[in-house]
Ligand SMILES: NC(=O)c1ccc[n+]([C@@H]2O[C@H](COP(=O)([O-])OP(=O)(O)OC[C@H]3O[C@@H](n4cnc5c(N)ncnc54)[C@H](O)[C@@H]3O)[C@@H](O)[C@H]2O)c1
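Before any questions on how it binds or moves, here is one chain, the form predicted alone, in structure tokens.
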Amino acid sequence: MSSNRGVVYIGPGKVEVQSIPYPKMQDPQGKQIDHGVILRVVSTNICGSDQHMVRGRTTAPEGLVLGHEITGEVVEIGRGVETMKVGDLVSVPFNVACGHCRSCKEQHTGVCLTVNPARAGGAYGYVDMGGWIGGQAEYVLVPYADFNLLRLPDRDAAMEKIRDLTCLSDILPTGYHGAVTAGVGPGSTVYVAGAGPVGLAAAASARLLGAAVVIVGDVNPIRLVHAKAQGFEIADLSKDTPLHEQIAELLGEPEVDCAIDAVGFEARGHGHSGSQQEAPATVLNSLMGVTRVAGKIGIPGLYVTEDPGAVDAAAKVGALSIRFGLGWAKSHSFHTGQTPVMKYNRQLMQAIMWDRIKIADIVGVEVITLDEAPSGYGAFDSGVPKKFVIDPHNLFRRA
């Protein structure tokens, strides 16, 4: 049996690369399965959602193997797998989905009804998502492989663009989902809250969908410099100038057609003093303020039902002081929830392969080794404008 190593959460603020078991053809309850494959991990990314757990802002247990953004090579196939073969290079949607339940058949793979005994929806290496082992490792099991996996058709061409294709497992489809559910289309004016990787992916997706202008807002000036360099307009929320005034300076009016929340529950207040203080409802309230009447707000940013580190008792259980009356009065539409990656990843793969989107440059992909993962977590948490991609087998250098 081969050895395996992975990135393990060992307590608030701490991760460690440890020896972990080589994957077995078993579900998290120990039941033998024949619909899975084992992958040699080609790339696996550090996500902002991982950071929520590592900061101690969820109920994630110590010892959890992290990682839900995975691209890999098939090295072992379950006897029930029909469409995959050893050697296939595949992208893994972060959603674990069975393909058989009502949700999956309706393309709501983010809320599969069978892969998680506790609630709807499963994911790799994530708290409350069914106990599936994470992929920030050398090897990982993927269940329901025929349904879940996206084969990258030309291996050599795919490896040339692997820095971009690694984003297919989560952040690019998530950003795209935010833009689609916000109603972005040709000629739209768009505001994206958050200049992290998901926010930049949402901004890039809005541009791909034909937006006339995309404004990215953040309290982190370093991330805003990077966003500006990628051709987006910016709103500096560390300033005391209100957001609607910054938008008016750019557009000649204080509202946009479409808005996207790529920040989530660890949002901070706006302005010189507020930007240092956590204010979990700030983004949603500001988006209602700057979105036109009858506009749509896409919310791919993560919100949780349990937040041990929240600023008040209500926020600890996901209850936020949202100005819902304002959204109602303006006839806003809101779309929340995990992205159904499979709904978009094939089309986005084609967009990457035909040079319609350079997502690796836009989100600042930086490739690191598995042993460098702990330092990558630290740097990402400091707010650098990078998307850290782990290369466990040094395959990027060979490519």
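Just so it is clear, the structure is predicted and the values come from calculations on it, not from any experiment. Numbering starts at 1 and runs along the sequence shown.
Just so it is clear, the following notes concern the form predicted together with the ligand, a form of the same protein that is not shown.
Colleague: Taking 4.5 angstroms as the cut-off for heavy atoms, does residue 135 touch the ligand in the predicted complex?
Modeller: Outside the cut-off, so no.
Colleague: At 4.5 Å between heavy atoms, is residue 264 in contact with the ligand in the predicted complex?
Modeller: Contact with the ligand, yes.
Colleague: So in the predicted complex, is the ligand close enough to residue 122 to count as touching (4.5 Å, heavy atoms)?
Modeller: Residue 122 lies outside the contact set for the ligand.
Colleague: Just to confirm, residue 295 within 4.5 Å of the ligand in the predicted complex by heavy atoms?
Modeller: Close contact is absent here: in the predicted complex, residue 295 is far from the ligand, nothing within 4.5 Å, heavy atoms only.
Colleague: Honest question, do 174, 194 and 339 all end up within 4.5 Å of the ligand in the predicted complex by heavy atom distance?
Modeller: The answer is yes; 174, 194 and 339 each reach the ligand.
Colleague: Using a 4.5 Å heavy atom cut-off, which stretch among 195-203, 112-120, 154-162, 321-329 contacts the ligand in the predicted complex?
Modeller: Looking at the other structure, the answer is 195-203.
Colleague: Here the chain is shown alone; which of 226, 268, 207, 108 has a heavy atom within 4.5 Å of the ligand in the predicted complex?
Modeller: It is 268 that has a heavy atom within 4.5 Å of the partner.
Colleague: Only one of 70, 66, 348, 47 gets a heavy atom within 4.5 Å of the ligand in the predicted complex. Which one?
Modeller: Looking at 70, 66, 348, 47 one by one, just 47 meets the 4.5 Å heavy-atom criterion.
Colleague: Residue by residue through 210-225, tell me which have a non-hydrogen atom within 4.5 angstroms of the ligand in the predicted complex.
Modeller: Contacts from 210-225: 217, 218, 219, 220, 223.
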